[in-house]
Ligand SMILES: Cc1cc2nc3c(=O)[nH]c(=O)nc-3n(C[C@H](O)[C@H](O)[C@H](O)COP(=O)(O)OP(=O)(O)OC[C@H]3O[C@@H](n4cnc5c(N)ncnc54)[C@H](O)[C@@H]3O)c2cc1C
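In structure tokens, one chain follows: the form predicted on its own.
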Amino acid sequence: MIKTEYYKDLTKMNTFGMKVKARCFMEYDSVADLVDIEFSELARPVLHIGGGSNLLFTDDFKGTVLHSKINFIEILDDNLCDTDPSPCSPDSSCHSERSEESFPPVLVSVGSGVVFDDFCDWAAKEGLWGVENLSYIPGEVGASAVQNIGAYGVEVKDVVHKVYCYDTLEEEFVSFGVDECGYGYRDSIFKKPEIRGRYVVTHVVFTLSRNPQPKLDYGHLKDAVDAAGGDLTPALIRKVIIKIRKEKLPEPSVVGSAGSFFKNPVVPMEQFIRIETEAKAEFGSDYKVPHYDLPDGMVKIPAAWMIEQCGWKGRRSGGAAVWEKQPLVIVNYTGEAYPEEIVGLERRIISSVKEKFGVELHPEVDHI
């Protein structure tokens, strides 16, 4: 079924809680419904949203907003035995005779309208590794593949096998292998201006695993997991991740935000050394700037650290504010903030970080 509404209030469809409307809003339940949409006749521009968790609407949307309700999770390939091509369950006799490290990958197909954290919860309960570090990130599966969401040392590209789409230009179904998606830091080919909006994600196939594959080397995650105790499982790591995120980040249902507002900047090693040298001069020779060394010799510095060093943590500007527990997050503090207040605060933060560190921050949030 296709549900169409005109001058739709989008306040509850964007986690920032911006009070805006869309000229036309269409929501579809299936791939068949998607095909029935006459894309050439839609009011322009056309915007496809997930949970509205990475958007800042700066005004009413004068075109058409589309939203997927394609909702399914299906295991395609679960632990095929080398001697028997048919699937077998984890507790079957053939599994008892093989080491747990020998289990092959598990392919899972997930509809674009599935809430991504519901998928993470499902995977943890199934004992499948791969997405536990991405737990509690708001948004939906289709948007996760477009945005290349990431947290705690894992990006969704690490587990994407294929992204299936409907090509609205050629009116045909296509698929993109992970190597064809052009994934970068919070980026993909689906975000490129020349093709943006052309491909509508219908479902994503992920590669998960029954082999233990904990990724705990980001920040203090390992210490938090060790402190939690218990067997090391996807469910345990998910529980810890959710606890950390709840302690740091606002609940969108209570305080509007789009999560992490800025990308963490990546700088050459020489520039990082200059930044750390200046920090040591200010805070003492033992001071260490938080950072993450990348394989290519570049260094990722937390934008939150830079923003806090510039004195923005907890500061308000009209109805907008920098979250008091995590300066990477700009919030709709009053629930009545205007888009101009969010953008104004964003620009002042970028300017002050540039002046102090010589680094230009870039928003992770899409401005619509």
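Quick note: we count residues from 1 along the sequence shown, nothing fancier. From a predicted model like this one, the values you see are computed outputs, not experimental measurements.
The following text describes the form predicted together with the named molecule, which does not appear among the structures shown.
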Tell me, out of L47, I301, I37, C310, which residue has a non-hydrogen atom within 4.5 angstroms of the named molecule in the predicted bound form. L47
With the named molecule left out of view, choose which of V108, V201, L128, V159 has a non-hydrogen atom within 4.5 angstroms of it in the predicted bound form. V201
With the distance limit set at 4.5 angstroms and only heavy atoms considered, check whether I137, A151 and R245 all reach the named molecule in the predicted bound form. yes
Out of 218-226, 288-296, 192-200, 268-276, where are the residues with a heavy atom within 4.5 Å of the named molecule in the predicted bound form? 192-200
Taking the named molecule as it sits in the predicted bound form, is M306 near enough to touch it, meaning that at least one heavy atom pair lies within 4.5 angstroms? no
Using a 4.5 Å heavy atom cut-off, state whether L236 contacts the named molecule in the predicted bound form. no
Even though the named molecule is not shown here, does G51 get within 4.5 Å of it in the predicted bound form, heavy atoms only? yes
Contact test in the predicted bound form: A143 vs the named molecule, heavy atoms, 4.5 Å: yes
Within 4.5 Å of the named molecule in the predicted bound form, which residues of 105-122 have a heavy atom? Give them in sequence order, or say none. S112
